[in-house]
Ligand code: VGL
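The form predicted alone is given below as one chain in structure tokens.
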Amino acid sequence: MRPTTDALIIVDVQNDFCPGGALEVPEGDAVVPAINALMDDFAVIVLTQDWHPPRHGSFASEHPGRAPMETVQMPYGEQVLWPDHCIQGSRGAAFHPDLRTDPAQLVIRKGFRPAIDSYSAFFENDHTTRTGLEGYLRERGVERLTVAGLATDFCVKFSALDAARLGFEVTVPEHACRGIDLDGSLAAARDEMRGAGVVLAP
């Protein structure tokens, strides 16, 4: 068991990001056994959960003439438009049924504000509005984070980058992550994380 100064952050292992889901990440469900095994090493475990209201501003369906995976400018910057996914209370928003959730002490729900998306476990996409996760981890004396889950090139990446920027030591175990890889976004995400001091582990 790792010391209590280490925490495992498990990002968005939800049905809609797994095979058959509304925003399927290729092999998304393959992270489940890897993450379940990682949990045995950590005393501090946090789950994040994408939790959108209906008609969320990041949904392509709210932008007439636009298709999923196109980008638009929002007040907080560029936004990828997504299929409707992880609607609050839906089966798609639920955690994958094989994911161990009992060991987690905290669930951070994100993306619940209708007008702004939220990739990071720490901030909304305006990079200003906080989720409260940093304060929780500081109160528990956490210094080092392992960030795993879905998707490597979006919510995992933004969570890892924000954690590094906030002064945490961060590792991303790639065997416990999968990416969307939208126009080369996976390779770019790896480069960006390495450049920020995030350790990419096999």
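Keep in mind it's a predicted model, so treat the numbers as computed, not measured. For every residue, the number given is its place in the sequence shown, counted from 1.
Below: the form predicted in complex with the named molecule, not depicted.
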Inset, instruction - Name the single residue among 151, 137, 46, 176 that comes within 4.5 Å of the named molecule in the predicted bound form, judging by heavy atoms. - result: 151
Legend entry - Heavy atom of each of 122, 147 and 162 within 4.5 Å of the named molecule in the predicted bound form: no
Legend entry - Interface membership of residue 133, the named molecule in the predicted bound form, 4.5 Å heavy atom rule: no
Inset, instruction - Answer for residue 155 alone: is it within 4.5 Å of the named molecule in the predicted bound form, judged on heavy atom distances? - result: yes
Legend entry - Close approach of residue 16 to the named molecule in the predicted bound form, 4.5 Å, heavy atom: no
Inset, instruction - Check whether residue 189 has any heavy atom within 4.5 Å of a heavy atom of the named molecule in the predicted bound form, and answer yes or no. - result: no
Inset, instruction - Determine the residues of 32-68 with a heavy atom within 4.5 Å of the named molecule in the predicted bound form and present them in sequence order; the list may be empty. - result: 50, 52
